[in-house]
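The chain below stands alone and is given in structure tokens; this is the form predicted alone.
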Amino acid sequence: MNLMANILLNVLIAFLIGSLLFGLQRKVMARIQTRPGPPIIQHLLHTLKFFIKESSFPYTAAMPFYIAIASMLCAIWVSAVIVGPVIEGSLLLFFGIYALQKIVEHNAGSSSGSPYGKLSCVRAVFSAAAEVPLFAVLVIIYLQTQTMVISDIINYQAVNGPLIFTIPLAALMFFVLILSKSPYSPFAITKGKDIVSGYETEHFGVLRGYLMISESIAWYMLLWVFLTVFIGPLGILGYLVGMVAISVLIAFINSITPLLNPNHSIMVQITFAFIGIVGSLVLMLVM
């Protein structure tokens, strides 16, 4: 299979599986809360629906930046698929892609001119104060494996066993990061119910479709990186089982926890980051 075909196949898989996992989360949350819930394919259907709906643009939007920024978010996560499953490149590149995504979130909100979008973009910057310390997990992974290349980390685990057993607190840090990106998460301050849909509030039609595609791919990629980096080489079935298990666990957490206000959200995540960093370093010195 040539490179372009490999990229297209992995992007399609990421989008489809990510969409279905979002649908599974909503279904599990509904069942826990004694509701029937939507079908598992609902998120996928919503995404496709926006591509046949009429696009509209607010008068307050900063054109053409308003249009370009939504497309950029989709392109950023396609790049993550290339760095991850396609070439198994550096985790530093993945961190750079994630950082770009935070910038795009900010600009997607500010470019619409909506007060909800503007508040969301401020919260996007605010949330980065907690998510960057959580990404200190990369330093812990490097100290343990002496590499940042995903393929080398996979080879290290094939010889020494899964990292989730040797640096469990680092795995917990990355899990909290994944939880923060989940819809209905207690840490989802950029799209809380108090600001409608956050930076997506004024996006309709094709632009909203691009945003939803990027969200599905982002969810798949975060789960893929977690499973690959902390558990090691897995087959197709192993990845599917792992992604479903994590999504169900996060759905359970989301269904029984309230949405935290921005200050509490940041402090809780920073606390997890501090415990993870200090605890991991202590464990590495002891072992």
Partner chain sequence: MDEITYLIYIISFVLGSVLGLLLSYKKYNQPFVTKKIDPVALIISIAGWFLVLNSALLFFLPSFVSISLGLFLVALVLGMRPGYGRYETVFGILISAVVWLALTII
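Residue numbers count along the first chain shown, from 1. Owing to the predicted nature of the structure, the values given are computational and were not obtained by experimental measurement.
Separately, the form predicted together with its partner chain exists; it is not shown, and the next lines address it.
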- Mind checking whether each of 28, 244 and 258 has a heavy atom within 4.5 Å of its partner chain in the predicted complex? no
- Note on the structure: Only hit among 248, 32, 41, 231 for heavy atom within 4.5 Å of its partner chain in the predicted complex is 41
- Tell me, yes or no, whether residue 237 is in contact with its partner chain in the predicted complex, where a contact means a heavy atom of each within 4.5 Å. yes
- Contact test in the predicted complex: residue 12 vs its partner chain, heavy atoms, 4.5 Å: yes
- Taking heavy atoms only, is residue 277 within 4.5 angstroms of its partner chain in the predicted complex? no
- Given that the partner is absent here, does residue 20 sit within 4.5 Å of its partner chain in the predicted complex, heavy atoms only? yes
